[in-house]
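This document opens with one chain alone, in structure tokens, the form predicted alone.
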């Protein structure tokens, strides 16, 4: 006997959205969470994530981002909570360096709107940034900052109102497809569902088939915050989210949410870890020095001392893209995981796609072959 039509293993960034979207389709899904929703040691931690419509890369994410934008607004309307704070976004780098030209090539392929700000315009409009003479900015007016905890908890709250359930303190150890369903097992209990979505982030690896396990690894992501000398200079309507890549230096961040501190974090420093439960939360001396030195050089208005830091695990794929689609060879198990530190901005769309496709309702967005698990063959 089935315990329900759909289970979602992991109700974090993508799983919470899948639970919400399934509930909107009238499906009473059950979510399993190893600890509790939005717990402070999950990849959801850190208060905020960047949302942007412009990006650098060969794959066309624009349709996903358009869907995500609509779903974020829908979640705000249904929950009554502000989740996406629209403040614009800046990509900053050398005019003739490796970042800005590649970014502009990608933008032009997708058709996303943008505005180029030269050095003088950046100094006039956004004096919070200390730019070198050869740098410029690319403004994405539709970008903003996502409130991560609020997003996840709002999605779960709305899903519960629609009939969904969440089982807390239930770390799933096995997902096994049977002839008549899928068995979901924790240390203490087992359930059987018609279909299952695996969306448990850094804990997803052991739940995937062996050939996909070889294509994923856990990484540690750390975040840092600095105090502003004048917090009014860093509020959302004055200070857009930013990504800055200049030479071998890079940092990204968001405006102040608490009215005092500003997230400004080194980019691309994720280190592989064996166990997501034992990630080192404290920064190393080298991480502290590089973070402080970079913030001091980039932002004259920030006090060059880290006032808050933390670290979180996330699941990366070998090509840093993510896994979205049915598990190869399975008719009932769907994976939505491994988004490699870059999935939250799209998670409302990824959850909607996972819910619809796992229930056999067809794709919501075309052109997603680059995300499909089939790209990793069983021999790979």
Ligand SMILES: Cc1cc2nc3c(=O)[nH]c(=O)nc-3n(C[C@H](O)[C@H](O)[C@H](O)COP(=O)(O)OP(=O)(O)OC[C@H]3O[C@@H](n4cnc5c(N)ncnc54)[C@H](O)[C@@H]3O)c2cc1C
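What you see is a predicted model; the values in this text were computed from it and never measured. Positions refer to the first chain, counted from 1.
Beyond the structure shown, there is the form predicted together with the ligand, which is absent from this document and is the topic of what follows.
Checking 196 to 204, 76 to 84, 99 to 107, 127 to 135 against the ligand in the predicted bound form, the stretch whose residues place heavy atoms within 4.5 Å of it is 196 to 204.
Among heavy atoms of residue 39, some come within 4.5 Å of the ligand in the predicted bound form. Taking the partner from elsewhere, residue 325 is found to have every heavy atom lying beyond 4.5 Å of the ligand in the predicted bound form. The closest non-hydrogen atom of residue 172 lies within 4.5 Å of the ligand in the predicted bound form.
Proximity of residue 67 to the ligand in the predicted bound form falls outside the 4.5 Å heavy atom cutoff.
Comment: the ligand is not present in this chain, but in the predicted bound form one of 92, 295, 223, 143 has a heavy atom within 4.5 Å of it, namely 223. Residues of 1 to 33 lying near the ligand in the predicted bound form, listed in sequence order, are 9, 10, 11, 12, 13, 14, 15, 32, 33, the criterion being any heavy atom within 4.5 Å.
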